[in-house]
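Given next, in structure tokens, is a single chain: the form predicted on its own.
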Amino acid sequence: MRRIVLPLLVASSLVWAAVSSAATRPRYGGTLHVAIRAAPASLDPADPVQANSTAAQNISRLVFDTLVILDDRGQAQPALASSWQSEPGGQRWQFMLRTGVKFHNGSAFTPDTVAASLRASNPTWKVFPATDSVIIECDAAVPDFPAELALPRNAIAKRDGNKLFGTGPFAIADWQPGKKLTLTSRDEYWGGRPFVDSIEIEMGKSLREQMISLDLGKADLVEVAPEQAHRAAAEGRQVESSAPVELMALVFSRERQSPEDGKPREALALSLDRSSLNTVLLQGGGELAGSLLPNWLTGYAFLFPTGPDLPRARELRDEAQQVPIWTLGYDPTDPVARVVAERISLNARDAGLKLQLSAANSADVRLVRIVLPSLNARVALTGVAAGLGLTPPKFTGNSVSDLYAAESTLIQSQRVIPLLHIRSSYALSAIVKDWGQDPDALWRLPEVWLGTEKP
């Protein structure tokens, strides 16, 4: 009897192992359904309106490639450019182009097309096509220029009238601006065929609509507000959160006129209870920020103070010869912006300051949120400063201490008061396998495959 049972057990184990392995092995096919809140009217990487949006960046990298990509440490790696070199001084760069690449319409990937694309995104650059490369000249030395080319706005696009073509892993099958985008995978993609056959992206969907679609099995990937991520996970949904990649800050509309003018601003900064903003209003969806860049990117953010100091805030308020009554502007379309603005106003009142809330575009102080634009710290700081309307940072060298000094100068200008660094969160259906994202919350959808489980 044992002679019969043992072989049966072995055979059963082998069959079960084979079935189990087949169930977890990546497979091709299927359509990934995505819902997002953003409703972009354009897919053109050169469109400046789309620059500060994680959703736009995620869509862009599905359709378009850049000459260079950044690894998790922010170091430049080859993409459409196979290699590069610069002349002494760092103002003139040459990028050798990858061979065998084609645009989605079948046309060749040429230096002329690359040069035309980069000129459209950067009118101040001088871009010249060469035999198998492009040469770019800048007005000043740019040590991190390859990392600059990894920004989504520098993605390579071929413009043919009203049509737009990329070299990315997915091609545009249907585009309804602001409503829906359907993408199909490319068998001939130079980086390898994606696993899913297609991606359908529904746009302009509220967070509530997205969650309903996920629960009904109509969406596989949806956004989750940072203040709702913990609850969504507690209710049994698969929620994935990134490192803190979005800065929430207060930005003054004008420069500080004098040291005296800076006293009320410093008092406001010292009155803020960032811990309550994060734990109560955002339900732990972020980290306290005294810096523009998060600590995981620089390693020194903890050196910037984040705690309140009401006694000192009141002293500064009393020392000021004139204490203004500021208007505090916020984005009325952001569901959490008003409650954050209200809490900031209450904190300020405790220090003897007055802030009047306003949903108008013009205000003395604005509550803003800006996405981290790059995994390269210098490029990220430059981009954040530009997005906030601050003076561009000045770097005296390439060390971490030089980066710290440049960021400290921006904060000491008292144009900006950092509040929080916020995570991006997404909820996934049960069929989404091998989910991954970069440290800056950009999706790795070409690596995702769909299982057969029912949502």
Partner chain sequence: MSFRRKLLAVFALTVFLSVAAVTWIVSAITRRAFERSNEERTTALVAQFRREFNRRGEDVVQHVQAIADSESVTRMALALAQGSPDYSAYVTEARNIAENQQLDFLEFVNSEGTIVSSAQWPAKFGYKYSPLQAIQSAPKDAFLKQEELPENATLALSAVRAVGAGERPLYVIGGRRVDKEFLASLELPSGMRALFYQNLGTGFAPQLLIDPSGSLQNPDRVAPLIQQVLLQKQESTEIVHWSSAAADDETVHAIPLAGQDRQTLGVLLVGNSLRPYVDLLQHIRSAAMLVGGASIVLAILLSGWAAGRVTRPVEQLAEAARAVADGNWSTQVEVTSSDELGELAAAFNRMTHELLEQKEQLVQTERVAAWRELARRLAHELKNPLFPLQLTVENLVRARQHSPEQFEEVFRESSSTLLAEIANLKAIISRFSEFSKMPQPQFQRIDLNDVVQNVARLFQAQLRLPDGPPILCTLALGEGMASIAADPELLHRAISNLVLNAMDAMPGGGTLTLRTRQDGEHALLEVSDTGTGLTPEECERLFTPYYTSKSHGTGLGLAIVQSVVSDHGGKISVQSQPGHGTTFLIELPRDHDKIQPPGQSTGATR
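Positions refer to the first chain, counted from 1. All figures in this text were calculated on a predicted structure; none of them were measured in a lab.
We do not show the form predicted together with its partner chain, though everything after this point is about it.
- Contact check for residue 233: no non-hydrogen atom falls within 4.5 Å of its partner chain in the model of the complex.
- At a distance threshold of 4.5 angstroms between non-hydrogen atoms, residue 280 is in contact with its partner chain in the model of the complex.
- The shortest heavy atom separation between residue 159 and its partner chain in the model of the complex exceeds 4.5 Å.
- Remark: residue 360 does not count among the residues lining its partner chain in the model of the complex, judged by a heavy atom distance of 4.5 Å or less.
- This chain appears without its partner; in the model of the complex, the one residue of 132, 350, 188, 87 with a heavy atom within 4.5 Å of its partner chain is 350.
- When you look in the model of the complex, the only residue of 98, 343, 218, 102 with a non-hydrogen atom within 4.5 Å of its partner chain is 343.
- Contact annotation: its partner chain lies within 4.5 Å of heavy atoms from the stretch 331-339 in the model of the complex, the single such stretch among 68-76, 331-339, 286-294, 111-119.
- Along 361-399, no residue reaches a heavy atom to within 4.5 Å of its partner chain in the model of the complex.
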